[in-house]
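Included below are structure tokens for two forms of one protein chain, each presented in isolation as structure 1 and structure 2.
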Structure 1
Amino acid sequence: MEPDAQSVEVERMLEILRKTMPFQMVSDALLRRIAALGRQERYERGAVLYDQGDKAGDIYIVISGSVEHALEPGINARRPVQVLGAGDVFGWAALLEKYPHRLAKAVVMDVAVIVRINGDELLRLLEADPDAGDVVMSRFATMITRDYTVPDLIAQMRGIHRKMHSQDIQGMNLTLYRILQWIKSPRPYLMVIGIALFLGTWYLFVEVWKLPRFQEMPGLTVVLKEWLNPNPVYGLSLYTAEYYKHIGVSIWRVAQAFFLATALGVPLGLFLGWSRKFKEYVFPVFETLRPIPILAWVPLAIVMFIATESAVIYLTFLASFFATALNTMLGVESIEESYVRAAYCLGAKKWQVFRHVIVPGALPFIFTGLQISIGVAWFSLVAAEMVSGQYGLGYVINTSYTMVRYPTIIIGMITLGAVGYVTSAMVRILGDYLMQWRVRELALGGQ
């Protein structure tokens, strides 16, 4: 064959390929590479290209002539038998995910010129350009369901394997990716510098230069030695059971107060926000009591609750309760009036409005309130434990001072900060998790 005739042939093949359903959107460059995979063949009338159940290897594109394509009955195609002409693509079973065998019988009706492309080779070519490959594969799927009336379930195309791209990393990979990005940014190094500066200043001021007021403070190495000492000088370190008992007692108190405050504060806040009358009758008392600092309650709480334990819990509860109730109320008031009206117009009962409009509408504010609430709970717990109570981190700090165990004060402070941080983070993560719907809604609204 003369070169000129060959290139004419290729041009004709490209012309046909460009019109086929799967390859319509493909760029010329890629189309040429696809065409290069093709082997053009001529078949006489009555030739059987493949039968049902054969192993599927190639896909076929009709250049001229016609082919009868009969799908096996088990597939439940609406039109199982079709006559295919120029530009039709068949033999697509070679690209299906679950059926590596032929689902149809293809018999040549008129003398036909057909291009055969190996499915595996085509897939490999498409993987080199995954974005275009996805388009081709999804157009294959559309063609199979639309033109061959095959159920969606069968038209599952083989996947395009792609190299990792930053924009389509998901799940675990996303976390890994973020960590990598974080390490690449200057932030972790600045953070290390910042903390090193802080600790270095502490160390130098107190232990090396012994500056006037600083030398009485416990130094960095003294605190660390004490903290990591199996036989602590002042009786409290990571190795003593007492240390964990103090932590446990503090957490248990905060937990009790926090749950009590949530159980009482959220309903009160909901009713305050929901019923104007209720608010007008109850809110003035609430507002009269609220400016009194929680810590001013300490002596009264000791008098009221004979047991110190309940006095401490009461004080911790009180701070959380005000924060939770107030935020819940603000949350209800932030709900757009039209939502409530719409629900009533559609025939919702009072209870239904409360359950399906008021409560979910106030939830974001409630969780903000809970975050504040856990913070103030620790704040007032420390004060309550310092003034009264036995065990607990606040108690540790205060008794360490009176008994001149200065390093233990710092151990108590750091522990308190860490435990407080962890509990706040837990509340925040829980809130974020439960509020995913809202974030999604905001994202959809474009905010």
Structure 2
Amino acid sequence: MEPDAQSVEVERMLEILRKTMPFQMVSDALLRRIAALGRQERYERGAVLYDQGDKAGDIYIVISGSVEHALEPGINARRPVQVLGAGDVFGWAALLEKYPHRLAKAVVMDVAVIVRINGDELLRLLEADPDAGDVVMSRFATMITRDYTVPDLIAQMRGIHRKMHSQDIQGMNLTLYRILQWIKSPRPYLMVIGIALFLGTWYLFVEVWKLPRFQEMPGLTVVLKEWLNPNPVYGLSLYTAEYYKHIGVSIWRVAQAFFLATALGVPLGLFLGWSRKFKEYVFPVFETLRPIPILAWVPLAIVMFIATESAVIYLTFLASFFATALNTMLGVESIEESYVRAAYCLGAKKWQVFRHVIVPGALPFIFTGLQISIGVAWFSLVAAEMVSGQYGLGYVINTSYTMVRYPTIIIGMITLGAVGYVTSAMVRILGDYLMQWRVRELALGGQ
């Protein structure tokens, strides 16, 4: 084939692939490489493309005409016989791990033009771009479930083996690999520039220009000198054990409040979004209590909890609980009703829909809520510790203000922000790790 004719053929193949379900979310660059694997063939009426038990090698895409696809009885498909037309994909047994043979008989009903792509070559290509490969394989799995109604075969889909590039450290796990990719990106350097601009502005406003609004505020050099001093003037620095005790106490309080808010807020949010009747009873009370500031709860907290520590954890828990429950409820409500109806049509019971559709579908909102929740927990903790704490970063900030130790206030604030940032990042990383398997659901957003 001449180069120009070959280019035209690839472009035609590219347009065909864009219209097929498994490849809709693939980038043009990868789609072009997939298109180069395809070969177009014409079949007459009555031609048998493959029969049950044949060795599975190629994947087929119908360009024109029609093909009868009949699954063998042992597969237990709810739609064993289908007539496939333009844009339909079949021959997916080539992608199954434990079924190297055909599970169906495919016969051309009308004169058909069909594209064939070798399954092994496709997998090797997808392994070069594992993130896109996961999407393609997930959409194949969704197609098998939705169009061919044989969900039992999903577990047999061949996985994408992620390969590190030659310049990467051999045996490096995925987390370290992602960190390395993050370091190679502009993001960390932009973050450093942003922090440097903030510190530079602070230094200029307070110590160089000495603006009226900042006359009483400690400068950058004063704070750093106190923070790094083995013998701090106000008794708190990186070299004092008390400093780490305050940090540890605050982290422990936030951890207890955050886990309690998650354990109660997530189920409540799921039921608020899932059950309309439950929401009608509970949500008005929920929305009435949610806007009440944390400081307004302080008197009741002291009355209800005799122990000071319990009162601090309760006040820290409140705002975190409302943020978690509300985002979880919004996550459930964001799930398209068609997914729920489809699950019921496939024979799922109510509890199965809740477990396999509602909970996974709400996870992105849940983890967004948890990131907000952990930040709100730190905010609430400071208010609680200022009122009734004996240790902690909020206690440090409050007592430093009353004793006119302004550098210590800044040290407490910066430490609070740094620890809060780290905990929020940990929640985000945990969410990314737990939701890797959700590529299938996220990929469906392109339909």
Partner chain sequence: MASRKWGGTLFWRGVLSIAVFLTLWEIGSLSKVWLKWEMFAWLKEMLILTGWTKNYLPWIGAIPAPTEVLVAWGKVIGDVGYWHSWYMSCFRVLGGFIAAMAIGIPFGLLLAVNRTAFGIGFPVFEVLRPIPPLAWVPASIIFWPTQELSIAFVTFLGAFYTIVINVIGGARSIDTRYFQAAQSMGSSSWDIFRRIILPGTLPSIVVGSAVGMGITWEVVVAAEMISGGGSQIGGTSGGGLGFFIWNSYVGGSYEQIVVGMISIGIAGFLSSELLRALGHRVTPWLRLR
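Every value quoted in this text rests on a predicted model; they were computed, and no experiment measured them. In this text, the rigid core denotes the largest set of C-alpha atoms whose superposition between the two forms falls within 1.5 Å. Residue 1 is the first residue of structure 1, and the numbers go on in sequence order from there.
Novice: Quick one, which of these two is the form predicted together with its partner chain?
Specialist: The form predicted together with its partner chain is the one given as structure 1; the other form is structure 2.
Novice: Is P360 displaced by at least 2 Å at its C-alpha between structures 1 and 2 when the rigid core is overlaid?
Specialist: No, shifts by less than 2 Å.
Novice: Answer yes if the Cα of E242 shifts by 2 angstroms or more between structures 1 and 2 on a rigid-core superposition, and no otherwise.
Specialist: Moves: no, less than 2 Å.
Novice: Using a rigid core alignment, state whether the CA of E333 is displaced by 2 Å or more between structures 1 and 2.
Specialist: Where the cores coincide, E333 shows only a C-alpha shift between structures 1 and 2 that is less than 2 Å.
Novice: Superposing on the core, what C-alpha displacement does K55 show between structures 1 and 2, in angstrom?
Specialist: Superposing on the rigid core gives a C-alpha shift of 33.2 Å for K55.
Novice: Relative to the superposed core, what is the Cα shift for E207 between structures 1 and 2, in Å?
Specialist: C-alpha displacement of E207 between structures 1 and 2: 4.9 Å.
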